[in-house]
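Only one chain is included here, represented as structure tokens and corresponding to the form predicted alone.
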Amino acid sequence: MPMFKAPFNGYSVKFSPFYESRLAVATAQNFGILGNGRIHVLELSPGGPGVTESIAFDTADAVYDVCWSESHDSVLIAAIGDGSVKIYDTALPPPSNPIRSFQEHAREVHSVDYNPTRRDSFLTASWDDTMKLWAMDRPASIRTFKEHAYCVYQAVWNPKHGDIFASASGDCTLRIWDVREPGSTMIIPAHDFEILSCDWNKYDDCVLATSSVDKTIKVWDVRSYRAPLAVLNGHGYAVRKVKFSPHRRNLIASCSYDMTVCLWDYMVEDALVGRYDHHTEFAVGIDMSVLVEGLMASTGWDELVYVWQQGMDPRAS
């Protein structure tokens, strides 16, 4: 399966929503603590196991997350360690990039998510305890959401409702928001330890998953959230990222500081249906292709990016 070696530590990987062979990777020097960052745009070789870099963008600070525009096939947005949010056009050479840069967050920007239904706006989440809503054609953010008491590690749009999003925070809460409302519409004390990630089910817009430092993944239904629908145990350390499959209702992918990527079916008793131990350092980024069913990608602090078909060995050539 394709593998790419980056010069820096991997933080995030995202498949293009337009091209099945394209993906972007966010990386950071010195484990993201101090130093530069780089965004890699990779192309999978047609019919072969190879992967090549088509373009790369250097940044003065760590890149913690990246997302593709849902309206322009060459545009991606990066969350930067210096508090900035930068927009890149991969059709233009590196000296012409970034095409936009926003400097509003007071601390590291840890996640960025493009609105999949409206396709004109995106969310950022930051260690300054806030989230911000942005539009591609506005010179500044539209709104700041400030309720969390600690770092916001991820904010993610609902896949069906363009005004609804969820946020996961180190204050141990999952919050649901409607951009038309003045504050959060729901607060779920989802874990007793920091919540590092969240994602919505792509087939049931009331169901979402959280992952935590407590080593668990929990699945929630916002219609009845006093207890989780499922608690998934199996990781040995903090679960850094959780992602619902775009093709199968019950399938969740996760990656952890235990260096593994896991697949779960949260509707069955033996929920752990796959475990991949191809990384040799913290596994911190995971994605599942919308365009190719079963195609997965992961990245980690071992500076490696793997792309593989579910059920296959990521290390197999």
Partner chain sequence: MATHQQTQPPSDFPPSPPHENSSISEAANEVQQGSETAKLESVFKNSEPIREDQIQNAIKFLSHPRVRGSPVIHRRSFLERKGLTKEEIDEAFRRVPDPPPSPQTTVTSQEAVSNVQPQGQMQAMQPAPPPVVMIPPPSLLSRFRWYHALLAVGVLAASGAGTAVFVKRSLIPRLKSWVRKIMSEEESDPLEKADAKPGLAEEAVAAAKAASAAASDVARVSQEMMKAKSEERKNFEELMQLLGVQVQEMKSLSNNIRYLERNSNNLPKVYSANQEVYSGLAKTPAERRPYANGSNVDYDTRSARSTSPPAPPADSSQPPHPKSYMDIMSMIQRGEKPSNIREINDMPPNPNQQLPNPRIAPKAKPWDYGQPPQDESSNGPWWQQKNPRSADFGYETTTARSIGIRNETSTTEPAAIQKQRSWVPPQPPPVVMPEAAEAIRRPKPQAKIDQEVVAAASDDQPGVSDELQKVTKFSESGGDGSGRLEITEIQEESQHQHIGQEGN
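None of the values given here were measured: they were computed from a predicted structure. Residue numbers count along the first chain shown, from 1.
The discussion below concerns the form predicted together with the partner chain, not included here.
- Though the partner is left out of this view, residue 144 does not reach within 4.5 Å of the partner chain in the model of the complex, counting heavy atoms only.
- Under a 4.5 angstroms non-hydrogen atom cutoff, the partner chain in the model of the complex has residue 97 among its neighbouring residues.
- Using a 4.5 Å cutoff between non-hydrogen atoms, residue 196 counts as a contact of the partner chain in the model of the complex.
- The closest heavy atom approach of residue 233 to the partner chain in the model of the complex falls outside 4.5 Å.
- The putative spot formed by 39, 122 and 228 is not touched by the partner chain in the model of the complex; no residue has a non-hydrogen atom within 4.5 angstroms of it.
- Within 4.5 angstroms of the partner chain in the model of the complex, the stretch 15-52 places a non-hydrogen atom from each of 17, 18, 19, 20, 21, 29, 30, 31, 32, 33, 34, 35, 36, 38, 43, 44, 45, 46, 47, 48, 49, 50, taken in sequence order.
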